[in-house]
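Shown here is one chain on its own, the form predicted on its own, set out as structure tokens.
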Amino acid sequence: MLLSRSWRAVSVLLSEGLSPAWKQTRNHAAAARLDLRGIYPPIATPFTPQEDVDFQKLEENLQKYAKIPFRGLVVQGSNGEYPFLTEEERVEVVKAVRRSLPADKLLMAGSGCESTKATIQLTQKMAAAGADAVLVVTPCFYKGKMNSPALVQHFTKVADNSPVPVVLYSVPANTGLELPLDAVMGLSEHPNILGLKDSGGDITQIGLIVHKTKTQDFQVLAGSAGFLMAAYSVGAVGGVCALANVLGREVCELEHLCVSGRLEEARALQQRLIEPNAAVTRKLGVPALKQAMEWFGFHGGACRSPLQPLTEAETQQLRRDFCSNGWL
């Protein structure tokens, strides 16, 4: 469905702090909205020694992930090295995952590009490739100009023209840009914008977003396992967690403990996940995630250039972060 309604004028209203009336359209859209609750690994992209996408190793990873109680998979997120893939490769990876993924599992595909036009085109291709929803990162190359009106206009046009629901993606560690609260509040009213993946880790901000959008059926996903319990405590419904590529069952167990109110057990598990999570995200990044995947029986392998493999000292630090918490 193409949502080419009067939403195109809404960016002006939102920039002035006004809110349009969406009752009729939202009532229609809410009936078919996806339930995002649960854990999603943002899967890595395996490469051959020649740096081509290794679809065989990808399939082998997918078969192992199928045995873990994930809600679904995120494909072509930051941990999939999407900036280093061509558009054709990005779409082909999504197609491959869709062929392998059980029908009851959600496929969320990253379709963000720097321009609105390119994002719309890739979003439509991702939907055709089998994505149930798209994850759209904030454009950031001209981040000094990416204020609320610009971002509202961008995401509105994408959502208007997307055949599948849109999830906003704020990852300031990579983009240098946090999606402003006023923009999120306004965009939450769009009938084809489903929620937000927040990787910033500011729990007060996450809690405020949940509070300010609670009448809009807007779903917030924690963008890291390091603050998953805290995010649940302020109203998040799930998480897109890099660490789930490695410790998928454990991250799913943390989710279960949180939603079932077993807080002492959840706290103990959360504390043991903080250091390894930090190691494969902000500390050592995707090369560390791929190395840890190898230790735990998955295909990680090398990154695509210009990302470099870990040094020996970094590898030893990574192992310590897992060993000291009882995972290796």
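This structure is a prediction, so every number in the text was calculated from the model and none was measured. We number the residues from 1 along the sequence you see.
Form predicted in complex with another copy of the chain: not shown, discussed below.
Listed stretches are 294 to 302, 62 to 70, 271 to 279, 34 to 42; the contact stretch with another copy of the chain in the model of the complex is 271 to 279, by a heavy atom cutoff of 4.5 Å.
Taking the partner from the other structure, another copy of the chain in the model of the complex has a heavy atom within 4.5 Å of a heavy atom of H154. At least one heavy atom of E81 is located within 4.5 Å of another copy of the chain in the model of the complex. When another copy of the chain is considered in the model of the complex, M229 lines it closely, a heavy atom lying within 4.5 Å. Under a 4.5 angstroms non-hydrogen atom cutoff, another copy of the chain in the model of the complex has H211 among its neighbouring residues. Between another copy of the chain and the residues A150, V237, V91, L107, the one pair within 4.5 Å by heavy atoms in the model of the complex involves A150. A heavy atom within 4.5 Å of another copy of the chain in the model of the complex is found for one listed residue only; from S100, Q216, Q124, T175, this is T175. Three-residue candidate spot P139, S233 and L263; every residue lies within 4.5 angstroms of another copy of the chain in the model of the complex by at least one non-hydrogen atom.
Shown without its partner, the chain has L307, Q308, L310, E314, S324, N325 in segment 307 to 328 as residues with a non-hydrogen atom within 4.5 angstroms of another copy of the chain in the model of the complex.
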